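Single chain ahead, written as structure tokens, the form predicted on its own.
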């Protein structure tokens, strides 16, 4: 009888525990909200491309979760070329680019998918030239940058720029660049060298915009280029002039708008064909005042103040 009594007590105890678990799980407001939110998501917008824009794209995607209850945005980087390649293959809805799509890429995307990519300028960026915070250099010209980065360049040492760099005993200028699938690489090369000259080999080519700034911040001998929105306290952004007879300008919103800073560019998003449905609503939101506020918050230049 004692054994049966103990079994009965154990069964009663287990039933009470199960009832409590059922009540707790079934009555949790947080869980109900989470399930309801998940159930409403019906479309995932695939967005890929520019590393310059990846932080901006992620900020947009996160904010959009509070705007749309039916769509979410999946963001990945890899460079403008990677985004365009995905557009050509039809595996993304939107490609982010820090340079304009090439005619051949546009043709391939149209042939492969049957849809003509549509271009949207979503903001502007100044491409800053970065050096270590302790580097005794404050300004530079486009021709000087061309001789640092270009084929057969004549500027290979800091002393060639007329400065004594005590924190760089080797005196060698270490060139930090981007990989060739980067829109930033493409734009910077064109701005410095045009189409008749290429970068010289021997630079440290990095995958992301943030990586460039971080490496320059740790390397007193280095010089690099990246979006102005990636600046940190460990680096210095140089003032830039078109030539030695022109005024120097720092990279900032005012100088981009006035077209005085010489290395500024639009930021692009390309949809696969004319955007419709959730993709159109997302692009419309990016171009709205709310979406443009995020651009300025992250150090880029919004469209509402775009230069004429």
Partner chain sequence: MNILWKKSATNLPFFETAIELFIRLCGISSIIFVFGIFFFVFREGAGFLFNGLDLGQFLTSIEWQPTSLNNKRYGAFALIVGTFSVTTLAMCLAVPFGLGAAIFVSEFCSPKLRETFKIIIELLAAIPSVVWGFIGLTLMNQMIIRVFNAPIGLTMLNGSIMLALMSVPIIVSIAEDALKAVPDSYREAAEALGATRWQVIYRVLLPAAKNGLLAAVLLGAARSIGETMAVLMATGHSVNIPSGPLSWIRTLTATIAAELGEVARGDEHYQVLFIIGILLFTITFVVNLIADLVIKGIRQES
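Since the structure is predicted, the reported quantities are computational estimates derived from the model, not experimental observations. Numbering follows the first chain given and starts at 1.
This protein has a second form, the form predicted in complex with its partner chain, left out of what is shown; the following refers to that one.
No residue of the trio 42, 58 and 67 has any heavy atom within 4.5 Å of its partner chain in the predicted complex. Judged by heavy atoms within 4.5 Å of its partner chain in the predicted complex, the contact stretch among the candidates 123-131, 212-220, 156-164, 234-242 is 212-220. When its partner chain is considered in the predicted complex, residue 90 lies well away from it, no heavy atom lying within 4.5 Å. Under a 4.5 angstroms non-hydrogen atom cutoff, its partner chain in the predicted complex lacks residue 135 among its neighbouring residues. Among residues of the shown chain, residue 205 is one whose heavy atoms approach its partner chain to within 4.5 Å in the predicted complex.
Taking the partner from the other structure, its partner chain in the predicted complex has no heavy atom within 4.5 Å of any heavy atom of residue 139. A heavy atom within 4.5 Å of its partner chain in the predicted complex is found for exactly one of 181, 72, 100, 110: 181. Looking at 182-205, the residues that come within 4.5 Å of its partner chain in the predicted complex, counting any heavy atom, are 182, 185, 186, 189, 195, 196, 198, 199, 201, 202, 203, 204, 205.
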